[in-house]
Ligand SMILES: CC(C)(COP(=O)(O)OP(=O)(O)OC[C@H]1O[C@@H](n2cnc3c(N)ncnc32)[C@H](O)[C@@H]1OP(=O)(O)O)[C@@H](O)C(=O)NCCC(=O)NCCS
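Below you'll find only one chain, the form predicted alone, shown as C-alpha cells.
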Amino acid sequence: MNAQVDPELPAGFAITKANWHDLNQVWALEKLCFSKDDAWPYLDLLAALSFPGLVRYKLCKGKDLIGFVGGEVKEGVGWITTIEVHPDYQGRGFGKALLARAEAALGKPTIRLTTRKSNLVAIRMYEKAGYKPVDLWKAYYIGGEDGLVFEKSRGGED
C-alpha cells in the first residue's frame, strides 16, 4: 500500500498514492464536497486516477477514503487540480497535509491552484500554506463566478 508514517497525521490516518481502484470512493467524496456544478464528472476522475504522469494522493482513515488531491505539471509549473477533504474532517490540517504531499510530488519551484472567489475556507487554508493570489480569471466557474489563482514559490526544486 506504500503507506508512510506522517508525523503530522494522527494515528490511523495515512496518505498514499491513489489510482483507478479508488474511483468510486473519490467520486462519492467529490459529490459530497463540491456542488453539482463544481464536482468533476466520473470520466474526468477516472482520467485523473489513471493517466500517467499525474500526481494523485488519497487520505484514508483505515479503509475509509476521506481526502484526495490531484495535480499535474503544465509548462514547467505545478498545478493542484483538485483537493477535497470530507466535511467531517475539515479544519484539522488534513487539507494542508494533502497539499504538502502533492507539492512535493510535483517537484516544481512554482505551484499554482485556483478556487472560487467565494470559497473563503479554501482561501484561508491556501494562504496559511504560503500561497499568494496572483491572478483573477473572470467568469471562470459555472455560474459566472471569478476564479482566484494562487501561487506558492518553493526553493530548490526542479
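Being a predicted model, the structure only gives us computed values, none of them experimental. Residue numbers here begin at 1 and follow the sequence given.
FYI, the form predicted in complex with this ligand isn't displayed, but the following is about it.
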| Non-hydrogen atom within 4.5 angstroms of this ligand in the predicted complex for each of Arg92, Gly95 and Val121 | yes
| note | Heavy atom within 4.5 Å of this ligand in the predicted complex, from candidates Ala48, Ala100, Cys33, Leu106, belongs to Cys33
| Hey, in the predicted complex, does Cys60 get a heavy atom within 4.5 angstroms of this ligand? | no
| field | Distance check, Lys117 to this ligand in the predicted complex, heavy atom within 4.5 Å | value | no
| query | Quick one: is Leu54 in contact with this ligand in the predicted complex, heavy atoms, 4.5 Å cut-off? | reply | no
| said: Under a 4.5 Å heavy atom criterion, is Leu65 part of the interface with this ligand in the predicted complex? | reply: no
